[in-house]
Structure formats: C-alpha cells, structure tokens
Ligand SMILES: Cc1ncc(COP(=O)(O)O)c(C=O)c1O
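The chain below stands alone and is given in structure tokens; this is the form predicted alone.
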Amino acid sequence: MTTTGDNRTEHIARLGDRSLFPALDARAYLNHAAVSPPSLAVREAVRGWLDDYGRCGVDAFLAWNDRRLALRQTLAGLIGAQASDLALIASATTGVIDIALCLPWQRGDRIIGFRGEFPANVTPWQRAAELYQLDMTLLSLDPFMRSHAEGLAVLDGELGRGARLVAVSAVQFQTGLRMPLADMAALCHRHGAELFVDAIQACGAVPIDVVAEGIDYLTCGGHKWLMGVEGTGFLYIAPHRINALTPHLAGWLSHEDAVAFLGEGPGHLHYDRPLKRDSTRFEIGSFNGAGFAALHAAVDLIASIGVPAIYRHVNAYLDPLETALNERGFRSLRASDPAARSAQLGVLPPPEFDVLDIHRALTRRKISCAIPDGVLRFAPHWPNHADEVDVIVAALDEALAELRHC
C-alpha cells in the first residue's frame, strides 16, 4: 500500500498476502465461491463514492460514470471481449433473465441444461419454456465428471436431436468441475445452437476468453471471484448475436443518446430514439453506483495480478489440501484432469460423519467454508497463503476427534 501525490491510497495485491483484509476474522477464508469479503481498496472506493456524492450531489455523476465506463473496459479485458459487448447489470441472474426472455424463440424450440446447476441458470430457462412453449431438457453432469470426452459425446447426441440453446455454468458450484466451453460452443454451432454461460464461479480466478472459446452469451455477478459486492454484475453478448434479440426488456437508458434531453436544452425529449445496437442496450436504468465503484477497485486488483497467475496459485494451494483430506477418508470431487479443475475443492465426508457437524466444527475454529447441498467446499483466492493449509488440516483433525467422542 502506497500513497500517491494527491493523497489517494494505492493498494497493491500480492498472491498469498491478505494484508488488504485487516478486518477479516477467519483464520482461513475459503468462501470466495459464496461471497468475497471487501478489501481495503473496495471499502475505500465505496467511501470515496459516498463522499463525492455527499459533497457534489448530481455533479458527481459524470466523474463516476467515466469510471464505470473504465470498469466495463477492465471487465472486457478479463474475458477477451470488447467493452461495447458488455452491459453492466445487477447480478448474474439478471443476465440469464435478459437472454431467456429476449431470444427470438419459436414454439417447440429446445433448451438443454444440466442437473446440478445452480438454480440461477435453470429457473429463468424454465420460465422461458413455459412462456414461449419450449422444450427443456436437463442432462446429467456425471459423464463430464468422468471425462470431458464422454460428456461431449453425450451432448453431441442430444444436440443431434435439435436444440436452440445450451445453458451451462463455466464451473459447477458444488464440485468445482470446469466445463469444456470451447468444445461445447463448437458442438453447439455445428448443430445450429448457441451457448449461454453462467461464469459467476469462474471469472476472476479461472481463465475465460469468450472470443477464442466461441461463447455466445456470458453472465457474471460481482460478489464472488471478482471480489466486489452484491448487486453488481455484467452480461456479455457476442456482437453477431445482439441484433437477433427481441427487446422485450428495455428501459429509458436503452435508447441511443438517452440522456440528451437532460442537458441540451429544449426539444430533445423523444420516445422514438432507436435502441442501442450493442450489449449496453441491457443497461436499462439507474445503476448501483456504489456497487460498481467497489467492483472497479476489486477487479483492478485482480487484473494487476492476472487471472492465469491466480488460477495457478489457487490450484497449488488446493493440491496439498486435497491430499490431506483424502488421507482422512474424505472423497474428493475435484477432477483428476487438470483441465477440468477450477479454483475450488468439493469433498464428501467419511460415512461416519455428518457434513453439517463438520461444517459447524470448522466454523467454530474460524475456518470459513461452505456446504452447498451437502458438499464440503473450499474456495480460496489470491489472498490465501499456502501456510493456511496446515491450519485447516489441524482444525479438521481437532473437529473429527471432537465429533468421534460426541
């Protein structure tokens, strides 16, 4: 952390260094797949936003709007996109809804999803299926768990029966399985379908390149691996897909020159301005200014390290942790193929233990982890140091010894 000439604090992120999280109570925080704690940089960005608005009111809007545009550029860089192909939105779920309700569906079109997905990437498609009289099929993730090749073969067969769209998470929230997005996109396009990706469990810690991988649509929230706060996110739409979307969801900011009537004198209030021709059409109204200020600060830290470096760091952390858990009778759900690994480790406890009891015991020992649908999940990020693994294992040994005598 350094201080610039204008007295603005410049925060520096380093792998394995949690000095930007001085208030964090956990001995090891492994819950970035749920909610990331705000760093000093994030907290100061929010205070700066509040201070500017408190001092200047509406006059602060333009300065912070410029920063919001810079945020869009930084986010685009993380996923290999152009800034104009991103819309800043309220959540990953918002992005799913945007596409689910605006695709030009035809009655009988087929959506392919997967059982085991987080509900945010299922419910909106179910609603679209009901509204537009579509067919929705949920495939098992088990073939992908066994191997990417087996999963792709199953998907290929299903696409051969016809489909309009495949909806998948880049990383599965329970197991941490990283899906083969490029191969899935290639299969979709070969069969005349499109690929929608929920990337909330990937962006910020797992490399993604939407252009190289051929992804048609991608949504992400800001409060997990991007390390911002809740109520923020973004939606990517491949530029060749935007014009085909039906604008069922649009607001006053969806128009070209939407704000001209507010500052250019009389005669500029028109309701027939054309809708924007890029993804920013989905920025439909007033936005979460404080939230995007926070997200910008968080993403700048991630970009300064680089997602590939974070990905390597986190997997080097998880390797010995997985080994220690296996030695204690846990069953790892982490993929044996490194290409199918993400930034999290999910395990099932030995049969003599209840996962709820283990989770409570670890929580008492200030090891922060999660239990989505009964899977014990560890999700470290760039601030986690490898020395924490010994702390986690010691806490786990204490917890298991305690539970054996209950």
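None of the values given here were measured: they were computed from a predicted structure. A residue's number is simply how far along the shown sequence it sits, counting from 1.
The same protein has a further form, the form predicted in complex with this ligand, not shown here; the description that follows concerns it.
*Asks:* Which of these stretches, 262-270, 166-174, 204-212, 330-338, has heavy atoms within 4.5 Å of this ligand in the model of the complex?
*Replies:* Stretch 166-174 is the one.
*Asks:* Would you classify Gly221 as touching this ligand in the model of the complex, given a 4.5 Å non-hydrogen atom cut-off?
*Replies:* Yes, contact at 4.5 Å.
*Asks:* Please tell me whether any heavy atom belonging to Gln126 falls inside 4.5 Å of a heavy atom of this ligand, as the geometry stands in the model of the complex.
*Replies:* Result no; Gln126 lies far from this ligand in the model of the complex.
*Asks:* Is there a non-hydrogen atom of Tyr132 within 4.5 angstroms of a non-hydrogen atom of this ligand in the model of the complex?
*Replies:* Result no; Tyr132 lies far from this ligand in the model of the complex.
*Asks:* Can any non-hydrogen atom of Asp198 be found within 4.5 angstroms of this ligand in the model of the complex?
*Replies:* So Asp198 counts as contacting this ligand.
*Asks:* Of these, Phe114, Phe287, Phe118, Tyr311, which has a heavy atom no more than 4.5 Å from this ligand in the model of the complex?
*Replies:* Of the listed residues, the single hit is Phe118.
*Asks:* Please tell me which of Ser254, Thr93, Asn315, Gln82 lies within 4.5 Å of this ligand in the model of the complex, judged by heavy atoms.
*Replies:* Residue within 4.5 Å of the partner: Thr93.
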